[in-house]
Every structure is written in C-alpha cells, then in structure tokens.
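To begin, one chain is listed below as structure tokens, in the form predicted alone.
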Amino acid sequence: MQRILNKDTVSHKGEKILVKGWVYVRRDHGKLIFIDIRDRSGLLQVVFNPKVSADAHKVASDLRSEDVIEVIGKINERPEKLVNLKMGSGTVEMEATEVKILAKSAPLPFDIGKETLDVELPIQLDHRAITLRHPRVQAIFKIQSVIIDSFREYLKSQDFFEFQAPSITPAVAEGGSEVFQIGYFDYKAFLSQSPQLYKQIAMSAFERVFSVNKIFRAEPSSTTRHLTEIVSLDAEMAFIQSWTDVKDMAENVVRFILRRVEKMCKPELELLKASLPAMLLKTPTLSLTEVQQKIYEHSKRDVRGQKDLNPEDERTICEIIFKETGSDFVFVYGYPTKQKPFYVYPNPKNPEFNEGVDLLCRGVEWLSGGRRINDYNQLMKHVKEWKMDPEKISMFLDAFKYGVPPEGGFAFGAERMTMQILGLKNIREACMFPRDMDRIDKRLSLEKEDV
C-alpha cells in the first residue's frame, strides 16, 4: 500500500490508507486512544478503538512521544464540533486498524507536544535534534527557506547569474582583525568574511551575479543579533548609473521576498503570530547626517558627527520613521569613506563620504551595499591607503586592470532577516545550528569546565 501524507488525507475520505510518521501527542479518553501523528506535511489525528482493532489498540497503549510508526486505517470525517482548523487535516481523522512500530524513542528530556517550547533557548539548542521536530521551530525554518528561495527567484528573473564563492581566502575583504585565521597546509589563510571580492570578479565576467554563501565573523560579541557563522545573500551588478540603482534593486528584492512569504507561509506566520514588516511604495531614504539630526531633534541625544549608527541609533531612527511614515524600513546612505572597506566608492562631490547604503528594518540592519570603485588606478590608491597587500588580492585587481564598468551590489544576512520578519528575540532562533563565541553545537563553556 502506498503511503499518503497527512495533508492529503482529506482527499481520501472513506478510504483505507497508510500513513507514516512520529507520535507527536498521545491522549487517552476512556478506552479510546488518540494520537497525533506528525510527518513532513503536518499532523493527523488517529483514533485507536479496541472495538475496531484490539491488536492495534494494544500496540498504541505502549506508544510514547517520538516513536516512529506506520498506521493503516480508514479516513473519516470529523464531527463538526470536533473540527480543528489549525491542522491541515483537521476536518478528518483516521480510524486505525493496523499499527507497526518502526523505531522506539527514548524518554524525552522535555515535552515537545505543546504549542510552545517551555524551555530556555540554550537548552533548546543543547537538544537541537529534538527541538527541530517542534512545529513552531519548523515553521521558522520553512519561512527562512522561502526567504532564501525568493532571493534566488527574483534575481534570476532579473537575469542575475548564480555562483558559489570560496569559504577559504588568502586575504581579508573587509579589513580589520575580526577574522578566523586557519592553517592551510604550510600557509596562512582565512575563513571568508564576505564573498565580496569574488562576486566582483564574477560580475566582471557575467555582469549580474549573486551567491548564497556561508561567511564567518570573528566578532567578540555575544549579543542577541550576532552570530559567528551566517548565510549571506549577496548580489552584484554592472553598468549602474549611481548607487540608487543598487538601492532600488535591493528594495525590489525585499518587496518580492515579503510577498512570497505572505503568500506561501500563511500557516507558519499564524502559528508564530508574526506580522510582516510594512513596506511603502517608496522606502524612506536619508543620509547619515540627516538621520543623526532627526535622532537629536526627537530624543535630544546628540550623535551628530559620529562615524556610524550604533544599535540604539538604529532602533531610534526606525521608530521615528515608522511614526512619521508607517514604514518599517529606512535606507541610510553617505557614511565616512575611511570607515568602510577599500572598494566602496567615494562621493565625487564630497569624497569624505561614500556612496554606500544600509537598509534598516524594525531597529536592525538588514542590508549593506552601494556603489563600488571600478577605476583601477583609484582602486590601487585605496589599496595603498587601506594598507592592503596587493599580492594577496591580485586576482581581484586583475579584473579591474582589464576593464570593469560602473558597478555595485548588496548583501543580506538570512538569519537576521528571518529574525526581524518573525519578531524573534534572539538570532539563534533563526539559525538551525548556531555558532557563536560560546557554542559549536554544545556550549563551549561546559566543555572548558569538563577539561
């Protein structure tokens, strides 16, 4: 007998079928045993009645959460008062006639059969193999999958070419010391902070490129918004007129992602009680100087002249813009040139400020991007000023030595987007297997204490 997924059982009313999955919840009501069986499509209620099958009822009486079973039975329509619209199969139930145990589960360290997980996040992560089975946790990553797929889908529709950048690099793209140095045979190398240099090389051949890459940041930070390893959604495009072309493309990507999530993830959004951020037809766009002036006028906190926005600044300007316009998003452009990587394009009229742009949403940065330097001589000047070793980025420089048009690009962090879209409190909730200063699967502090 061919297996039927739980979500498809509504099309088999009156039929005897086979389903397979995990025992999610078991409830005993007198002589009747009710089990919610979980498969990749959702839940199905199965009823074990000793009058229908004494053998199946006997097996069911020994089942516990996360036992793996297969069940044969008849699909019946539920009584109207017992319909559960929260379940995809909530209008039907299975009357079991046969059951077979495929694998037994050990006793669980905590109950995952409730609507929410009533354990602290560190404990959830310590038992990730179990918590990934919870519908709420699965909903987060189903939405994240749609976010990443939608990023790909939109850029492909705009004639962008996908490539994969290496994770091991001979030099640091972003500058600074927050990188992981690794032993690469007899040489020194780094885990990539960004596919930036490689996507610019690829752009010089294919014009429009994007990548979905793991990147690594050795930031000494244990905040709710930082991870050591993240999924970076990067794009780069040639023949732009100005940095606003980059901004507009990024805005279109975000708009498409939000629409796809709204269309494809309604059950998951309802389960998580999440509301999508509001995006206007034209996203508010301010210079760093204008943002700092607004913060001063609204809060009397003087950050005018600072080189960047700190987390409090980001939260404040997002609150201001939402009150003024109803937009959860705001673009901020025009940062001090010296505070950004060597490849960012200085404003020709005021070279002290660059043509980089960030996108903030609900108090957190989503995107960083802008126009890049495409002139070889200007790039070499910046390499020298930023004290870069040209030999270590010779492949990158070769692309510009042999002609590159005006270009720019942007990058999103998939986990941070997921966190902000869903209103999660900690970015680790938006990462299936988070890495940070204190964790590589297990909490490192515990391992240190055990040594």
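Predicted model only: the values in this text are computed from it and were never measured. Residue numbers here begin at 1 and follow the sequence given.
FYI, the form predicted together with a small molecule isn't displayed, but the following is about it.
Please tell me whether any heavy atom belonging to Arg38 falls inside 4.5 Å of a heavy atom of the small molecule, as the geometry stands in the predicted bound form.
No, Arg38 stays farther than 4.5 Å from the small molecule in the predicted bound form.
Looking at the partner-bound form in the predicted bound form, is Gly369 within 4.5 Å of the small molecule by any heavy atom?
Heavy-atom contact with the small molecule at 4.5 Å: present for Gly369.
Mark Gln196 yes when one of its heavy atoms lies within 4.5 Å of a heavy atom of the small molecule in the predicted bound form, and no otherwise.
Yes, Gln196 is a contact residue.
According to a 4.5 angstroms non-hydrogen atom cut-off, is Leu227 in contact with the small molecule in the predicted bound form?
Yes - in the predicted bound form, heavy atoms of Leu227 and the small molecule come within 4.5 Å of each other.
Quick one: which of 218-226, 255-263, 147-155, 327-335 gets within 4.5 Å of the small molecule in the predicted bound form, going by heavy atoms?
Contact-bearing stretch, as computed: 218-226.
May I ask whether Gly409, Arg416 and Ile427 each come within 4.5 Å of the small molecule in the predicted bound form, counting any non-hydrogen atom?
All of them do, each having a heavy atom within 4.5 Å of the partner.
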